[in-house]
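The data below hold one chain only, encoded as structure tokens and taken in the form predicted on its own.
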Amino acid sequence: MKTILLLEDLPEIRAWLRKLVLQVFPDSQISESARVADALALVTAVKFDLALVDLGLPDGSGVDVVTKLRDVQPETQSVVVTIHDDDEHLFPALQAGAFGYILKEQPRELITEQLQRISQGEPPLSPSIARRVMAYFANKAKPQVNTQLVNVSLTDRESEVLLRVAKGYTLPEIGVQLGLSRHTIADYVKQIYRKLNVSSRAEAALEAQRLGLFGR
């Protein structure tokens, strides 16, 4: 991760987050912002590899920044870093395109470990958040066990693409690995998301896990 956006309005929290980030990505260039408007301006000017985004900000919600990054920089991995662990904040962030969701209340060592997972292609999710997401999808799937989930059928190529998306590879990287153009990979991703009824990398990673693709 060479370029990182850090959106956090409290200076002391922004300082220790910056310190943690530099421990994990020591050569990265960090752009800091305390407001949604400033972050949106940065997104139009700088290409980011990673964005760490707080949700509750003085001039709005960090979800707007996650959405903007999804639309104009789809290769950027957006990770929410927040105190909010409720469904009302979690699922809108994931639906907006967040790759991970980390709670600030955790020990710093655990946050560092979760940030390290990004380089391994794993969505950084706090344990309680991961359980909440898994429970959500489990409950969502129950009434459809014999219909939708059974009828979801991915081709071998779609499974290959989904696995790489879940591991955090960018569309150009997946294209190189599979010998296909970026636009072809983008079409595959769109089709996969439609079939699985997901809208973010985090959801795609959970579906890939459910389908047993990580064991391949």
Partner chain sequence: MPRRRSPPSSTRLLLSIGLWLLAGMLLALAPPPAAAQALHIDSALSAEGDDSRFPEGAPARTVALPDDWSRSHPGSSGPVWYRVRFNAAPAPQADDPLALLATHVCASFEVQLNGHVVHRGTQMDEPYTMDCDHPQLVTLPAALLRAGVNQLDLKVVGYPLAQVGSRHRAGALSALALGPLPQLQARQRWRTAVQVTMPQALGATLLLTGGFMFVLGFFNRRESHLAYFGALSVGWALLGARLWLRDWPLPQPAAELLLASLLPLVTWAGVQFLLRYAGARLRWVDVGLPLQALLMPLSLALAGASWLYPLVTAWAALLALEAVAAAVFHLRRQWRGRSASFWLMAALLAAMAVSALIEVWAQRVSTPSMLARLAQLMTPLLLVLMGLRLVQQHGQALRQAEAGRALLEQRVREATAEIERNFRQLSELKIEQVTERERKRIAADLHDDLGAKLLTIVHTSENDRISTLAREALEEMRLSVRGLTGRAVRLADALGDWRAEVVSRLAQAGIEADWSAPEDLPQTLSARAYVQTTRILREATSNIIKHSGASYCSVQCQVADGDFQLVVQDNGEGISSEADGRLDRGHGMATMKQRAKQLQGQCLVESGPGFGTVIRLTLPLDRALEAS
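Here the rigid core means the biggest group of C-alpha atoms that line up within 1.5 Å when the two forms are laid on top of each other. Note that the structure is a prediction, hence the values are computed from the model and not measured. Residue numbers count along the first chain shown, from 1.
FYI, the form predicted together with its partner chain isn't displayed, but the following is about it.
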| item | value |
| --- | --- |
| Among 188-196, 21-29, 6-14, 201-209, the region lying within 4.5 Å of its partner chain in the predicted bound form by heavy atom distance | 6-14 |
| In the predicted bound form, L110 touching its partner chain (heavy atom, 4.5 Å) | yes |
| Its partner chain contact at L69 in the predicted bound form, heavy atom, 4.5 Å | no |
| D85, heavy atom within 4.5 angstroms of its partner chain in the predicted bound form | yes |
| Contact test in the predicted bound form: P127 vs its partner chain, heavy atoms, 4.5 Å | yes |
| Contacts with its partner chain in the predicted bound form, stretch 154-185 (heavy atom within 4.5 Å) | A166, K167, G168, Y169, T170, E173 |
| Rigid core superposed: L125 CA moves 2 Å or more between the shown form and the other one | yes |
| Rigid core superposition, L69 Cα moves 2 angstroms or more between the shown form and the other one | no |
| Relative Cα spacing, Q114 and T170, in the predicted bound form - shift of 3 Å or more | closer |
| Cα separation of A39 and T170 in the predicted bound form versus here, shift of 3 Å or more | farther |
